[in-house]
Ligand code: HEC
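Below, in structure tokens: the form predicted on its own, a single chain.
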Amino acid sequence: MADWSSKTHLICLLLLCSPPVAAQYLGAQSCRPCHAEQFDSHANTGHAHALSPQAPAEALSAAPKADWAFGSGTHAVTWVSRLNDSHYLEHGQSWFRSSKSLDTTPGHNNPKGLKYRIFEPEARILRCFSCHSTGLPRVDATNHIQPAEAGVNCEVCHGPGAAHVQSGGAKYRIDNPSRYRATAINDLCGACHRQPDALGAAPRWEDPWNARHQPLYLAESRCFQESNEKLSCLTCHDPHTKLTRDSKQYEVVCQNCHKTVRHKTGIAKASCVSCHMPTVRPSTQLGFANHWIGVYIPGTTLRPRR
């Protein structure tokens, strides 16, 4: 799993040498002429709307005066504002879809929000922009953070597209995660979908908030460990399409390996996902499927029995 220390160092390095590297990123529109179907489908995903100067329509009435809205609104929207030449503010109140109202931002205990220094060793606010945008965010002459392209789009997963476009679409002049081993795919997704613990800290499995770091949990699953590098994030999730909530679609994937299963308890109304990937609710507003696939004792959701 990629660690934040290397990612932080990379961000700081790119801030120093970003002009030539940034030129390799062309933006999603450059992909559209040849990949129109994937482009149009991806435009409706949560990833594509992970960062915007304006909140989604449903959250507009609750939106404070802010520079950026983080999150597509699938779960929530958190606002971020520039305070001054050296600090950004993550607002203490976020909008949640489950209640269609404001509540405390995850990880906060102060309604006034959290201040982040733009240039600090951990590069926390720069990491936020990096994971919610495409290309290389930069800090301009007036100390405004400027994402190259808002939203998680094509070049986040496929890498800079300039060489691919200039070659007329040469197959191996662009990254294609479908060619990766499962561990590498999970590491790619895990660069952003991972635990925000202190560097080197062991995972805190008892903390329900960490269930939202799916690749980390998937790696603990017996299903993953015995899949011979076949089970990855892409096994269940097509990054070009909107995330489905239909458990039946995921059951088809489960049945590809588990063709005949004998259960010791009645499961007339249950699904594979509801039992073996139970929903973890770190708050009344949010719930995440536990990607540590396993056999759970009824009433438990954090760690499987085996």
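The model shown is predicted, which means the values in this text are computed figures rather than measured ones. Numbers for residues come from their place in the sequence shown, where the first is 1.
The form predicted in complex with the ligand exists for this protein as well; it is not shown, and the discussion that follows is about that form.
Participant: At 4.5 angstroms, heavy atoms only, are 98, 104 and 181 all close to the ligand in the predicted complex?
Facilitator: No, none of 98, 104 and 181 comes within 4.5 Å of the ligand in the predicted complex.
Participant: Could you confirm whether residue 128 comes within 4.5 Å of the ligand in the predicted complex, counting heavy atoms only?
Facilitator: Output for residue 128 is yes: heavy atoms within 4.5 Å of the ligand.
Participant: Wondering, does residue 30 line up within 4.5 Å of the ligand in the predicted complex on heavy atoms?
Facilitator: Residue 30 belongs to the contact set for the ligand.
Participant: Whether residue 65 contacts the ligand in the predicted complex should be assessed with a 4.5 Å heavy atom distance threshold; does it?
Facilitator: No, residue 65 sits far enough from the ligand in the predicted complex that none of its heavy atoms falls within 4.5 Å.
Participant: Does any heavy atom of residue 34 come within 4.5 Å of a heavy atom of the ligand in the predicted complex?
Facilitator: Looking in the predicted complex, residue contacts with the ligand include residue 34, since a heavy atom lies within 4.5 Å.
Participant: Looking at 208, 147, 92, 177, which is the one with a non-hydrogen atom within 4.5 Å of the ligand in the predicted complex?
Facilitator: It is 177 that has a heavy atom within 4.5 Å of the partner.
Participant: Taking the ligand in the predicted complex as the reference, which of 112, 115, 204, 222 has a non-hydrogen atom within 4.5 Å?
Facilitator: Exactly one residue meets the criterion: 222.
Participant: Check each residue of 128-158 against the ligand in the predicted complex and list those with a heavy atom within 4.5 Å, in sequence order.
Facilitator: The stretch touches the partner through 128, 130, 131, 132, 133, 152, 153, 154, 155, 156, 157, 158.
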